[in-house]
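In the form predicted on its own, a lone chain appears below as C-alpha cells.
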Amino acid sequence: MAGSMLSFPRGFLWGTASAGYQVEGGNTTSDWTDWENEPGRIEAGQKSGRACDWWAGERWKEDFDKAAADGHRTHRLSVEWSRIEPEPGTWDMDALDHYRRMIVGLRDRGMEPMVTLHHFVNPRWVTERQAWESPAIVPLFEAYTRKVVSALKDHVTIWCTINEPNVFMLQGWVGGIFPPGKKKLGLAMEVARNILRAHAACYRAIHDMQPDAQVGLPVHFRPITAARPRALDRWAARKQFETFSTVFPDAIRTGRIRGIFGSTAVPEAKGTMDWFGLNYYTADVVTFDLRKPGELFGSRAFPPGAEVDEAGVYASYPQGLAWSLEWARRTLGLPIYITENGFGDNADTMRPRYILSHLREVWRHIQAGGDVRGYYHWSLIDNFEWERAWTHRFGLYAMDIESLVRTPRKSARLFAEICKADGISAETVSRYAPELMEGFFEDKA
C-alpha cells in the first residue's frame, strides 16, 4: 500500500529508556553490588562490571550521539541514590555533577531528559536498615529527592519518582529475586504502603521546588485475563491483576491500597500523579490452580499464538498494549507516557515486528482521542538485565561486553526511520517486516 503513513502528533517524544545501575558500571555502594556477589543470584554468575561504561568512561556521550543522530527527541535515565548519598547524610557532589553533565548533554543534543529518582537500587545502608519496611523511608527519600532536584531542576521538567513500584515490591519481598530477597507477602503489603508514602513525599517535594514540573509514576502494567470463561479463572485473574498491575495507580487514584487481606488508607498518596507511566511488555492468561497459593491460585501462560522471546520471559501481544492504554484512559484520565516497551531478542529477528505492531496500537489509541505524549523504547543499548544479566538483550544497539563496541541492530535503523518521519510508512513496514503489510494500514482513512 504505497504512500500509506501512520502519522503521530507534532511534538511527540520519541526516545529510549535506561537505568543507572544497568548502564553505568563500577557501582560499589549499592545493595545490588552485594546482591551480585551472592552465589546463585545472577544468571550464569555474570556481573555488571563496567556495564556500558557510562560512569568511569563517560561513554554516555557516544550513545547520546547515536540517539540524536537517529532522530530521538528524548531519553529517560535514572540517577543512583547509592552514588549521591553513599553514606547517611553524606552527599557526593561529584556524582551530582556527573548527572548534571549527562542531562546537559541530552539538552545539547536536542533531547528532552526524563529523570527517574529510584530504579530498583538502594544505597547499601538503606537496605541494611530495612528502611522500606517502615515509614522511616519517607524522610530519607524526601531528603534525597530535594538534593537531586535542587541540583538538576534547571535542566529537567519531567520526573519519575519510583520506577515499577509493583516489581520492586514483589520481586524484593514476595519472589525474593531482588534485594532484600524476602518471601513475605504480609510484609510486602507494608512495603507497598511505604513506597506510596515515599512517592507522595517525593511528588510534593518536587512541586514545592519546581511548581511547573510534571511528575509521574512508571508502572509495569500487565493485562491478566481468564484463560476460560469460568468463575474461578476470572477470580484468579482479577486477583493477580489487581495485586500486580493496578495496586499502585489505583491507590493514587483513590487514596486506598487494596491488598488480598483488605484495604488500607494512604490518603497522602491520593492525586500525586501528573501523568501515568506505562511500562508494557507482555500479557498473561490465567487458569485457576489450587496448587499455586503463592500465586493467588492462578497458573499463568502467555496468550495463545503470541510470539515468545528467546528467554521465555515476554511474549509479543500488541493487543495487550491497546487494552492497557484504554484502561489508563478510562480509569485514570491522565496524560500517558509509554515509559518502557521492548523485547528481549538477541538475534533481532522478532524485535522489528514487535516495535511496529505495538506502535500501531499506540497510533490507534491516539486516533481515538487518547493523550499519549511519548514512547520510550527499552532500551537504547544492551545492558545488565538484573537477575538475567547479559543473557537477555533489549538494545537497539548490540554491545560486546568485553570490548564495549556498540553495533546498530536492524531495529535501530527501523526506529530511526520512525522517529525522523514522525510515523510509520508503508515503505518502512515493507522494508523491515513485510509479513505485517497485509492489513497494517487498514485503519488509515
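For every residue, the number given is its place in the sequence shown, counted from 1. Computed from a predicted model, the values in this text were never measured in an experiment.
The form predicted in complex with a small molecule is left out here; the points below concern that form.
Contact between Thr116 and the small molecule in the model of the complex is not found at the 4.5 Å heavy atom cutoff.
Within this chain, Tyr314 lines the site of the small molecule in the model of the complex, having a heavy atom no more than 4.5 Å away.
Proximity of Glu340 to the small molecule in the model of the complex falls within the 4.5 Å heavy atom cutoff.
Residue contact check for Lys47: none of its heavy atoms lie within 4.5 Å of the small molecule in the model of the complex. Residues placing heavy atoms within 4.5 Å of the small molecule in the model of the complex fall in a single listed stretch, namely 161-169, out of 161-169, 67-75, 364-372, 351-359.
The single contact residue among Glu36, Asp53, Asp63, Glu385, judged by any heavy atom lying within 4.5 Å of the small molecule in the model of the complex, is Glu385. Comment: the small molecule is not present in this chain, but in the model of the complex one of Thr246, Asn279, Gln240, Thr145 has a heavy atom within 4.5 Å of it, namely Asn279.
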